[in-house]
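A lone chain, given as structure tokens: the form predicted alone.
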Amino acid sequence: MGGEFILPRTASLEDPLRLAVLISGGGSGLLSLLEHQSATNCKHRTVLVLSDRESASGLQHGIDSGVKSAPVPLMDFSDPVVQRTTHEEEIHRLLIESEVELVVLSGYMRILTPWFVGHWKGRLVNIHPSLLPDFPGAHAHRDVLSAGVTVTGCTVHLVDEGVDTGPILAQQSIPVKSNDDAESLQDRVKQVEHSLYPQIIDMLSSGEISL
């Protein structure tokens, strides 16, 4: 499917990689990334935060950090294909305008089209709340509990044209507790996500990851 993965350039402290973070909700992962960037000498910085929902409270994290932050809501087109492509074209335009070099999906709840992925393949990274390839899709915690498995976790992967099928960069596991429900499991997986994701973005920015 599609073209090859083209990884971002190797950045430096003097010339950090320019990141955009795409969110849909509260932006807890965005906040952990921003805190990581402010507390460490890392080779990346967030220059743009976008959300597909105007109500996304996570946009405030970007605003509070002085990062350009804006909603990009779906336009009201009757044709869903036109609606989707128009939305992604606007996101793409904003990414180019801000000279973004790596797109970080952090709780972004839309499946991206092959057109968009094709422009950013290798520079488009996601974190998923399960140990892929097990339990892809939007309801990972529910599916983990339904399956009765004893271990879950999170996966950082590059995005390809499929759903949670791109090359895996890192995983971290946690036990599933006998009294877990979807909410408690989500909370504990998020704690691991907030540590792992910035570490892997550090590695991407430093040229430590190869395919």
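Note that the coordinates shown come from a computational prediction; the quantities given were computed from them, not determined experimentally. Residues carry their position along the shown sequence, with the first being 1.
The same protein also exists as the form predicted together with a small molecule; that form is not shown, yet it is the one meant from here on.
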*Where, among 127-135, 113-121, 77-85, 92-100, do residues come within 4.5 Å of the small molecule in the model of the complex by heavy atom distance?*
127-135
*Which of Ser28, Ser65, Gln37, Gln172 has a heavy atom within 4.5 Å of the small molecule in the model of the complex?*
Ser28
_Would you classify Arg18 as touching the small molecule in the model of the complex, given a 4.5 Å non-hydrogen atom cut-off?_
no
*Looking at the partner-bound form in the model of the complex, is Lys190 within 4.5 Å of the small molecule by any heavy atom?*
yes
